[in-house]
Every structure is written in C-alpha cells, then in structure tokens.
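Below, in structure tokens: the form predicted on its own, a single chain.
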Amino acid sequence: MHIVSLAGGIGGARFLRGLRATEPDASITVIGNTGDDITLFGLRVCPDLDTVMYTLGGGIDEEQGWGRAKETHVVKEELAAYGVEPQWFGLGDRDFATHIVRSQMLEAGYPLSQITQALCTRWQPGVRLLPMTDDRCETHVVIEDERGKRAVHFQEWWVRLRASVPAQSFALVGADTAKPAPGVLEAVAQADVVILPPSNPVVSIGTILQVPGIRDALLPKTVVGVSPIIGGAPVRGMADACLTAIGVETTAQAVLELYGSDLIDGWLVAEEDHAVALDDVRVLAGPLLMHDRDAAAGIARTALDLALELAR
C-alpha cells in the first residue's frame, strides 16, 4: 500500500507515528512543510522536517514535542553572552549539529530533498520524508504594532510574539516560482490514499497546498483529513490565531470548507463535532485526542480505514 501524507510539526509527527505503527508494511511518503524554515546564526533551520524526523526516529523531546531529547543549551547561552540575536529562538546543542550538516550541504550545492534524505539515513524514520519544495519559500506575517504595519518572519510572530499581535495576512514568499521537490508529484500519483493529519490548516497543510502543482495533483486522489479543531478550539498550538487572520472560524466545519469538497473525500471530527457536514464529503466522528501512542495509532487507523473504504 502506498500512502501519502502532508504534515506540519508536532501534531503531524505524532499522527504519522501512529500511522506507521498501525500499518507497518505500508510505503509512506510524507510531504513536509518548509514555510517555517528560517536562517539563524548562519544556519538553515527546518523545524517541521526535523520534528517529523526526530519523532519518527526516536530522538524527539517527548514532553515539548519538538527539539532533541536530553538536550543542553551551552551554545545558546554563549551566544547570548556575546549579545548575538535573535535570543528568542533557542536551538539546543544536539539540534545545532543537524543544522550545521544541512547548511554545509546547502553551501556545497545539494538540494534540500537530498539533504533531508541524507539526514534521515541516520534517523531511519520508517517513512520517505520529502520537503514540499527544494526552492526557498518562507511564510511571513503582516502585523501592525507600535512600530507600524510591517511583515515579520512567521517564526518571529509564532515564537517571539506568541501570536499575541493579530496577524493581518500571511504571505508565502517565493511560492509563485516554487516547484514541488523531486518525488513529490510522483508519490502523489502512485498513492492509493492521501491522509491529512491534524496539522495547522493555514501555515502547515495550507502552505504545502500553495506550492504550484501539489493541490492539483491531489484532486483526483482519495483524500481523508483529520480535523485539528475540537469543539471550537485547536488541539494544540495557535491555529485559531491563523484561522482568524484569514477570516475563517475556528470550527471543524469551517476548516473542512476551507479545504473544500473538491480536495477532501472524508473528514474525521471529534464526537462533539458530529453535526459537521459538507456535500460529497463523508464525515466520521470519534475520539481525536492523541494523548498517547496507542490513541494516535487508533486515530490513524480510523482515518486510513475510511480512506480505503472511499477509494474502493
């Protein structure tokens, strides 16, 4: 069985771990969001790709859901002592190694897709992890504060400001000329089913869908999505702030409509959202909280079973 999944960070990674556990013999290709990528201290950081790689490879900090387990922060402290900015984005010592290797390979001319494959050789995540594009695309956020109306990198808005300054709009800089990374469209074409995990629908899944060619490739496939919204609130993170910025309500119904019935064939919602409905979409209600690995595997199993049923 060939499964394709689009994924952001923590929620997507934990769902994928459940999917891999419930269908260990399947060939799973993960198309990862790179809109969050940022250059810090001269190093290229790919937060979502690394979160998927570390989570599936057994190196993630389970409590916080991102970064390395048993991490230390000596380099961060030394950089702060020198007054080096930004100090609001902290990289751990173990994590620095990944970014150093990636940056050296980029400098040597390797594309991000090949670099990601090389990094995964160490971690053995059990899936084929592809960036959405090899081209540089970065999500920027238009805000207005005491400094006036300006655009900041998504990471500054998300990490430093904690989305406390309302976003007026999002822009994926570079998307107009970007191309899907090698292997992305081929994986979609070969997929028996496509699963959208409960990642942020605006700046994770939505970002991937902005890369020219990806959404169109998905339209003829059987696609099942898992709602990231339960009872009018995001499962984790600040998806509500992102949805508000684009004029979409924070509901499972609104997110489904945002994706559209042309893309989505099946939609998993929490039991309290059982009334969600959209023409030509099969809606299934059940438990959606991934409070442990077994729960994540159960949710993934339900999503996959629904997708296989709809694909017949």
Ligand SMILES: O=c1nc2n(C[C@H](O)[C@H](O)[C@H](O)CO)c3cc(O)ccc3cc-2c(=O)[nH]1
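If you're wondering where the values come from, they're calculated on a predicted model, not measured in any experiment. Just count from 1 along the sequence shown to find any residue number.
Beyond the structure shown, there is the form predicted in complex with this ligand, which is absent from this document and is the topic of what follows.
Visitor: Using the spot this ligand takes in the predicted bound form, and overlaying the site C-alphas onto this chain, is the pocket open or blocked (blocked: 3 or more ligand atoms within 2.4 Å of backbone or C-beta atoms)?
Guide: Open pocket: the modelled ligand, placed by site superposition, has no clash at the 2.4 Å cut-off.
Visitor: Quick one: from G232, G174, G126, G90, grab the residue that has a heavy atom within 4.5 Å of this ligand in the predicted bound form.
Guide: Contact check passes for G90.
Visitor: Quick one: does F41 come within 4.5 Å of this ligand in the predicted bound form, counting heavy atoms only?
Guide: Outside the cut-off, so no.
Visitor: With the cut-off set at 4.5 Å between non-hydrogen atoms, does G9 touch this ligand in the predicted bound form?
Guide: Output for G9 is yes: heavy atoms within 4.5 Å of this ligand.
Visitor: Does this ligand come within 4.5 Å of any heavy atom of S227 in the predicted bound form?
Guide: Flag for S227 set to no.
Visitor: If you check in the predicted bound form, is P47 within 4.5 Å of this ligand, heavy atoms only?
Guide: It does: once this ligand is placed as it appears in the predicted bound form, P47 has a heavy atom within 4.5 Å of it.
Visitor: Looking at 211 to 219, 157 to 165, 177 to 185, 107 to 115, which lies within 4.5 angstroms of this ligand in the predicted bound form, counting heavy atoms?
Guide: Single hit among the candidates: 157 to 165.
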